[in-house]
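Each of two forms of one protein chain follows alone as structure tokens, named structure 1 and structure 2.
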Structure 1
């Protein structure tokens, strides 16, 4: 299951989405995330679904590769769905003991599941189609205006991109450690919650050691390349907008207008 986490990985392909400026993809991801929480209308989510399918098609990333990341959030989806299903007030449909299912609870449950799935898919597409270097450059360039108030934008962007890219590396390391411990007779599945938590100690200790070792190696590599932050630093490939980026901004503008219009017109309604 740990190998199924796609967030933070890069999928190499020659697609329109891959060639877009990272600032466009960052803004598009932000708009997409905001649109998921602007309402609970079927028409709104129909628009979001069409937009998501179109982006996946244009990215040339296999759908199976994107959806396999869903396995890592199954428990989170189940818990969120249960809370919304049983703890939402409204028109009662079914009652058993202290558990009550309402019509509004069913709607909330369905929309919450869709939101979580779309949230993972949307953010995964951004990282799958953007290299770590471009992601760092995009964040730095997009937040360049904060330099005027002495915010270390370059350092923040570097930390964010490194943290994001370390996710799949640490997951792979955890998977290796778990298999090594299981080969030595470790049991991570049986017993109560306390016993399972104690069984994780043989995993956490070597994982932290490995993480600190990787961080130290990365720091030494950056120092060996005379990295001293953004001061006096130039770009071998500076970001420049092209015609496709301007067209993508227009598409994002149209999408935003449609989302806002549907949210206002269908406010408080499911259909």
Structure 2
């Protein structure tokens, strides 16, 4: 159950995408997300699909691994698809009781499903190919300029990296606690909603206790090694752009130009 959540997990492999500078991947993901919402033309989505498939192929992450993460958003997709399908005004195609389906509604619905799925795919690719440390390094370096207006970039990045680092640990812990309580006859699968919610108490209490214990230990360990935030702190492996990163930036630039061109050219049209 919990192992199905792939968001925030790293998939070990040696690919071009894995080796890219995290800043490139962050910017790429950002551009990808924006491009998803830049219009409703089929050509735009064709381009996005091609780009996404190319990146997935390059990353050497098995498709099965990416789609595994989808299971958790199925309900969200269904709800938003239903809202779009039934609540969009336009040319009526089908009417049943109080529900009307319009041509625009169908388009909206399909696009919404594609957007959500691509959104998860795109962001998973980033987290699957980038170690949490690399990711936060990228964020820290990429948002360097915010330091000038006194935003504590390093501290925020550190908090993020700790949070990300703890996802797998806490998941493992949850798994362990669940098993231990199951060994004591706990049943998480049957009963009504109230009963199931109550069944979570024996998991959540130990989980919180252990999260606090771990946080405490970590704080102690950091202090024992004289951690004091960003000032005067150097990196063992500072991020440096390589030629592949420059090429990736160029590819991103081409992608952005194409996306913008298509969305301007196809404004308001589907095909």
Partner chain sequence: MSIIVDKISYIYEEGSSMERLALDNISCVIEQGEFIGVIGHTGSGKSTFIQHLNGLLKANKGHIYYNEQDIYAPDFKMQELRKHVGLVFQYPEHQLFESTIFKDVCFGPKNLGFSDKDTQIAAFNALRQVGLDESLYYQSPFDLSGGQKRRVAIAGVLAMKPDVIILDEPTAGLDPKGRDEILDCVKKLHDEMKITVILVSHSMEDVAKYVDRIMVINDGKLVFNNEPKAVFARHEELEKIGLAAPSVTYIMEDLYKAGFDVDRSAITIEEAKNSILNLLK
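Positions refer to the first chain, counted from 1. As the structure is a prediction and not an experimental result, all values here were calculated from the model. Basically, rigid core = biggest C-alpha set you can superpose within 1.5 Å across the two forms.
Novice: Compare the two displayed forms of this chain and pick out the form predicted alone.
Specialist: Note: form predicted alone is structure 1; the other is not.
Novice: Just checking, between structure 1 and structure 2 and with the core aligned, does residue 216 shift 2 Å or more at the CA?
Specialist: After core superposition, the C-alpha of residue 216 moves 2 Å or more between structure 1 and structure 2.
Novice: My question is whether residue 173 is one of the residues whose C-alpha shifts by 2 Å or more between structure 1 and structure 2, given a fit on the rigid core.
Specialist: Comparing forms between structure 1 and structure 2, the residue 173 CA shifts at least 2 Å.
Novice: Once both forms sit on the same rigid core, is the C-alpha displacement of residue 206 at or above 2 Å between structure 1 and structure 2?
Specialist: Yes, because once the rigid core is superposed, the C-alpha of residue 206 moves 2 Å or more between structure 1 and structure 2.
Novice: What's the distance in angstrom the Cα of residue 182 travels between structure 1 and structure 2, core superposed?
Specialist: C-alpha shift for residue 182: 5.9 Å.
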